[in-house]
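Heads up, the chain below is alone and in the form predicted on its own; it's given as structure tokens.
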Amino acid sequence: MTPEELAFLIEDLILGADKRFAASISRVQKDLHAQLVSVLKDLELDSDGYIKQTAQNRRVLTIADRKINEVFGEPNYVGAVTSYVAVVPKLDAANIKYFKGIDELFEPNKQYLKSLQKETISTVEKYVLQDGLQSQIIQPLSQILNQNVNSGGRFDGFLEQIRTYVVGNPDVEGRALSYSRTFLKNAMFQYSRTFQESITSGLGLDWYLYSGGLMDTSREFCIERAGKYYHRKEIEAWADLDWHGKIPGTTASSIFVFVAGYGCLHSLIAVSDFIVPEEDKKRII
């Protein structure tokens, strides 16, 4: 397997999981929206279509909040997240196959791999199923409900606000999909890069190929580097640069995991110096 093939395989695996996840969460969002509309139709309005500030309407909000928590606690949402994370063993297999091609005696540190998997799953659970779900998705939605009832907003405008937040519009994804999808995609690419870098140091590799697919949304940082070979020292020096999308805390060490930053689909694939072009070697000398 070539470094280019590994980079594109990783990209295909993660983006394939991402596509299936998006379809599943879109259905969850539509279900949540339908349930909320069904509950909110019981709100009491005045003759001009404004929401009344009554005890009955507070009870309706309580029911709506319960529906929100029920939907995100159901197997559909949790199952979609679990299915996304199931790509991890496939990423492991691809990386192991590649590095065995460089050194046939290479064997992964199973204890380290198990620990890395556990840490990644724990992070996903915290930010997509627990704390992050509450703070980034559920609580803001609950605030929209309360603000409109407390301020006596127009019912039709309230429903439109709910629809935009929950299911999105042609220009914006629903909040649950936007937040969880972005987090999971970054987490999976960073997981793969972390595993790669743990292997790289053990094999004593110092050269990398900046590889992966370029898209219309690729930042200039990636466009300038894609398809080129770089020595470890060159890559470490990038951490001192500034560019759009750079993740705070990018250091000479973490740049091998963060690469170009948020949403970056590229990989720094370690390679044997035997395949590095002579002109690149001379550049370092």
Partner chain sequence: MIYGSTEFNTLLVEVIRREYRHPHYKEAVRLAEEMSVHVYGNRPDSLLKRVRPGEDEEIMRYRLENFEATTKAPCGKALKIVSKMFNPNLSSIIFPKDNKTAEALKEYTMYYYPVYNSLTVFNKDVTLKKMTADANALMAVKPQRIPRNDAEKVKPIVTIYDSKDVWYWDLDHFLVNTEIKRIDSRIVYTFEYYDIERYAKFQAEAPKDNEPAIINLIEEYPHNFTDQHGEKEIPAWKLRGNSLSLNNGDVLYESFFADAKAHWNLSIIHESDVLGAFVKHMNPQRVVIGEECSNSKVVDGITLKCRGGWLQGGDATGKGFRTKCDKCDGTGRVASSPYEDHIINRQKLDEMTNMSMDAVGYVKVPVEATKLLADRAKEMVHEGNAAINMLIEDYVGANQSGIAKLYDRSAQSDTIYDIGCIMYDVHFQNQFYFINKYMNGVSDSASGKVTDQNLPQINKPTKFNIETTGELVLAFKDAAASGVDRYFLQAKQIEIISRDMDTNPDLKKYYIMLINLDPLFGLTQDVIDLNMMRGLVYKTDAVIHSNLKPFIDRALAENREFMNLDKEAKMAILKAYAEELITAEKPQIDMSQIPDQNV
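Numbering follows the first chain given and starts at 1. This one's a predicted model, so the numbers in the text were calculated from it and none came from an experiment.
This next part talks about the form predicted together with the partner chain, which is not shown.
Visitor: Quick check for you: of 197 to 205, 163 to 171, 97 to 105, 139 to 147, which stretch puts a non-hydrogen atom within 4.5 Å of the partner chain in the model of the complex?
Guide: In the other structure, the partner sits against 139 to 147.
Visitor: Does at least one non-hydrogen atom of residue 124 fall within 4.5 angstroms of the partner chain in the model of the complex?
Guide: So residue 124 counts as contacting the partner chain.
Visitor: Though only this chain appears here, would residue 89 touch the partner chain in the model of the complex if you measure heavy atom gaps against 4.5 Å?
Guide: Residue 89: contacts the partner chain in the model of the complex.
Visitor: Are any of the heavy atoms in residue 187 no more than 4.5 Å from a heavy atom of the partner chain in the model of the complex?
Guide: No, no contact at 4.5 Å.
Visitor: Taking 4.5 angstroms as the cut-off for heavy atoms, does residue 58 touch the partner chain in the model of the complex?
Guide: Output for residue 58 is yes: heavy atoms within 4.5 Å of the partner chain.
Visitor: Give a yes or no on whether each residue among 17, 32 and 35 has a heavy atom within 4.5 Å of the partner chain in the model of the complex.
Guide: No residue of the spot touches the partner chain in the model of the complex.
Visitor: If you check 130, 151, 76, 178 against the partner chain in the model of the complex, which one has a heavy atom within 4.5 Å?
Guide: The option sitting close enough to the partner is 130.
Visitor: For 109 to 124: residues with a non-hydrogen atom within 4.5 angstroms of the partner chain in the model of the complex?
Guide: The stretch touches the partner through 113, 114, 117, 121, 124.
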